[in-house]
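Coming up is one lone chain in structure tokens, specifically the form predicted on its own.
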Amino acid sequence: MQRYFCKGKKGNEFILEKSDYFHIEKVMRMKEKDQIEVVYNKDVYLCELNNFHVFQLEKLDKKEQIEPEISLIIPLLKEQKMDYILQKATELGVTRIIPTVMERSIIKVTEEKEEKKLIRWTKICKEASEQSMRTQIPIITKIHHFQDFQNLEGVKFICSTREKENNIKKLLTKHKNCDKMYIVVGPEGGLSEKEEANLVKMGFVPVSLGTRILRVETVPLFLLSIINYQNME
């Protein structure tokens, strides 16, 4: 069943985005009395279409496994790679995505373009959340710099190509029941030695992902899949 996130409610009617009404009518070609699911304040409702208005039928029970709050700190990337990470990380349960300026990132975003980027990125995550039947859309923050990550609380680690001993399996086994994670993924070419050293001073732990060198867009999928597997009941 198709799921949509609601932006408001008036009595028994849910108010969706204009793009959602278009999707219901023109893309999905739904008809009168067809049913959809609507997420409102993290609760899920079974709804019915009436003249392309959306009316609540009943509130549905949620069955969600307990998962840690995961924040991905990622470099600014070319559009195709960025879109891929946003979509797939959302499907795999990321909580927050923090685009960050890094030395070796070839993409620069001006203040004038940042707002448009954030709107577009949020739309991608909204659609991926609906497709994967989530009850929450990941937060896409404004663009950060590494100095913004002082005093973060939780398990904090860097995906490092320099680290050889401390691997991802050891770290996740040690912190199996953690509530909050911050994961730094470097750009093509990796983090510079200075960047990695500064993050270590902030309490981030360098972690090896194994002997293979993964593409930057592969790393979040690899990590989130491992974390999901570990948290399965």
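Every value quoted in this text rests on a predicted model; they were computed, and no experiment measured them. Just count from 1 along the sequence shown to find any residue number.
Only in words, not in the display: the form predicted in complex with a further copy of the same chain, which the text now covers.
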Seminar exercise, completed: Answer among 25-33, 169-177, 41-49, 199-207 for heavy atoms within 4.5 Å of a further copy of the same chain in the predicted bound form: the stretch 169-177
Problem set entry | Heavy atom of each of Gln87, Glu91 and Arg134 within 4.5 Å of a further copy of the same chain in the predicted bound form | yes
Exercise. Does at least one non-hydrogen atom of Arg215 fall within 4.5 angstroms of a further copy of the same chain in the predicted bound form?
Worked result: yes
For this session: Classify Ser225 as contacting or not contacting a further copy of the same chain in the predicted bound form by the rule of any non-hydrogen atom within 4.5 angstroms, answering yes or no.
Result: yes
Exercise. Given that the partner is absent here, does Leu221 sit within 4.5 Å of a further copy of the same chain in the predicted bound form, heavy atoms only?
Worked result: yes
